[in-house]
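Shown next are two forms of a single protein chain, provided one at a time as structure tokens under the names structure 1 and structure 2.
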Structure 1
């Protein structure tokens, strides 16, 4: 009934070693007030000095969002008082941010909602973060470790229409910045934060009264907060009541948004160009350094992996969830290919193992799938496993056991198979011999198989039973395919 307009303001901590305007260490979780200096503490007489790496990372994000990078970009003072602001102005950007007017395509599923949408990016700009204030009874405690940490703010146009779209945007934005290596995307630690704004209106009437929602600490809360707010605004509109343009806080305990007490709306930031920093005109060499630091982004990579390796959409999406996993996958497959295995064959095997077994193994070790690059199960080992399985040296079931063993003992798959004697028995003569023995001990089954009254279904079941017996007789080492074909042949012969 109503049109919904949702925009997001996403802040990310850039993974620079030092803060954006001083040489202090930029890190999360250190002892309070240890990563501070007169500059980030706003002492009398200090001056900011721009960390060029923060600018480079910011422009990488701008590129990834197809933003225009202006000829000249500069900083501005955004003025307001707050105890966590050491200068009571924030060095930010305003008139000419480092990235302007881009877009990003989001594609995927949230719950049952299938989403494919282009979201326009208004701008991205570089700024400094404030310190942290923790309330403790009668006092508030200030920790300035975070003051001055490099922050990139990305502002979208209000192109999203549902909480699901906003949630997907955040998930995919997070994935993208992790791919670029510019941010770890940890919402719990606050290295990725999002504020949402939403308005509703009768169709065709344009944007409505915008409400901003803060304190959305996860992508899920973004969806829930927006859903609540859209519903609240819808109810007001239905009842003919006005919607107040304001900032509200998401309350996760009560599952609702509540108006903020602090009068944020009466802010006049009085922006003016930062006189302590020169204007930056990125030259060709610098832009080249931005471009060479770029990586293949998730969506294009997913599409390429689907077409290059024949994986399904869902599998490809899972493989590309983390860049380190996708890199691992492609390295392992190319190594398997080099050893003679067909690309698609290797791809499917390796993808399956990664998404099931390796994920499980890493989970047990307390590691995240993104840590795979550092894991003992290097791509070369994965490749050799794929080659062995394809060549019939081991069964698919054995392969999974080999994976566990390689992870546990840090040995090559070939060594594990050798030590455990897990090679498949593939000599047809030996298998035939074992099959004959089984046919003799299981004569009753053989007879029933050959009886014409036996149904096909019953016949298959009995054959499988015999295959199982042969496998058992060979200690599980016989290649089941060959067991099958040998048995079939022997049964045919016996029937004559």
Structure 2
């Protein structure tokens, strides 16, 4: 049995309009080699200029990860040759990154186990991304649109022990940066990707030989790649063979890691200070702008929503998966509460609709839950629907029909209910009249209910049957509670 040490290097594209050291457009999917200039292409004599918004977004992430913000931070040149880096160096941070010595708590279920772990953050550093190599058979093409895009790298300490923990870290980190609005988190587009470092050793012997798995573009591949690599290294140790410090790639077609190159050390990059960029010393105004842009983070929000609205942990987690959904939920509940509905009642009702019916409607319309801000069923309409249901004006079943109608027709719930005549029938006299007709038609059921030999279970089933018949007779408009009470009263009278 070996001890496992896992650290992650997570890279995110910051959502700046332009690149980090030049004014070129920063966007995914544009025609190759159209968003380039002499600066990001590394022409001789050009001068980089720091994108202050990239620095602000980077420090927001550092704040969210409880990192220390140094009084001064600066950039270095990281020397290496690769076809997608035309300058043969990358402007990055090494000696004084913008965020240092932080931590993040991860929580969640792995199988049946509840995991709660603190993962230390070594640093967050800002750098420029490289271009992209596109391989087609024997030919490789280069797209430099990505060269110079604002890239923040977050480096953890080797505090995780399984691929599942690393997957949970990636999932929660992705949700965090999306909440902050600094990255879209689209791993399939490469705007969030991870390198995983893993080593194994005998318990108590400390870190083993580190192997890096490069460019993992899904949390699932992080889990699978680490599971494979832990098993591979264990087999080598069992056989008495050495583990080579190297960089490997995850081959998803073969479900295995494959060698890429021997792992470099920091000295191989020959860092030296970037001469064309001055030291950055954030002043009080800049730090205030970072603090004012911060939002409530997902994990604290989940805990608060559980406490404030009476939701279960799983429900609260799903509601808080996207900031836009959590904002929608809280706005709708607040408006329902202002209209007189108890907060917990509104919260549970609205959460159920959002996680079931609204998700279904959005899927049917080809929308994602993150698009809920543009949904026709805006929070005020959702609140109105909750209040109408709680007041007994419509049934729960009708409420689901109203949801569909609002999404299709862009009308207020009250208007739809009025137009279609979907209001609940709540007049006891009218309901009693319908119940009498049903009791005459279903005389056999009534007789069996009144028979002394009928069991309580059978009597309950027959009563439910009669309730259903009354509801059907009123076109589903009768208030079920009133139907029950009127039936019970009529049955008591008939038994006398």
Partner chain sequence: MGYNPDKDFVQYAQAWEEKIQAFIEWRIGEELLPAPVTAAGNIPEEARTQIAGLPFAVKDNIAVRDLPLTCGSKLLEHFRSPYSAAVVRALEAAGGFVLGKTNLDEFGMGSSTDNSALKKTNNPWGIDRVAGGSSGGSAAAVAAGIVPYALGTDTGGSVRQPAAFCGVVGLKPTYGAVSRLGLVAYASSLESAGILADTTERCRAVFACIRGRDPQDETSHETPEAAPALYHAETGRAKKIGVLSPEAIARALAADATGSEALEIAVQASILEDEVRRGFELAQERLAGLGHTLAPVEIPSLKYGVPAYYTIATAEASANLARFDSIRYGARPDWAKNPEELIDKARDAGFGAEVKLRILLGTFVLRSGFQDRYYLRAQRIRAALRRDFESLLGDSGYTDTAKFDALLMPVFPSRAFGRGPSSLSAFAQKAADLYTCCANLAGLPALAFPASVEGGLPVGVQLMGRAWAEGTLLDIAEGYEQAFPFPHPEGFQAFWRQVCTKPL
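In this text, rigid core is short for the largest set of C-alphas that superpose within 1.5 Å between two forms. These numbers come from a predicted model, not from an experiment. Residue numbers count along the first chain shown, from 1.
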Decide which single structure shows the form predicted together with the partner chain, answering 1 or 2. 1
Core-aligned C-alpha movement of residue 204 between the two structures, 2 Å or more: no
Core superposition between the two structures, C-alpha change of residue 253 at least 2 Å: no
Could you state, for a rigid core superposition, the Cα shift of residue 138 between the two structures in Å? 4.1
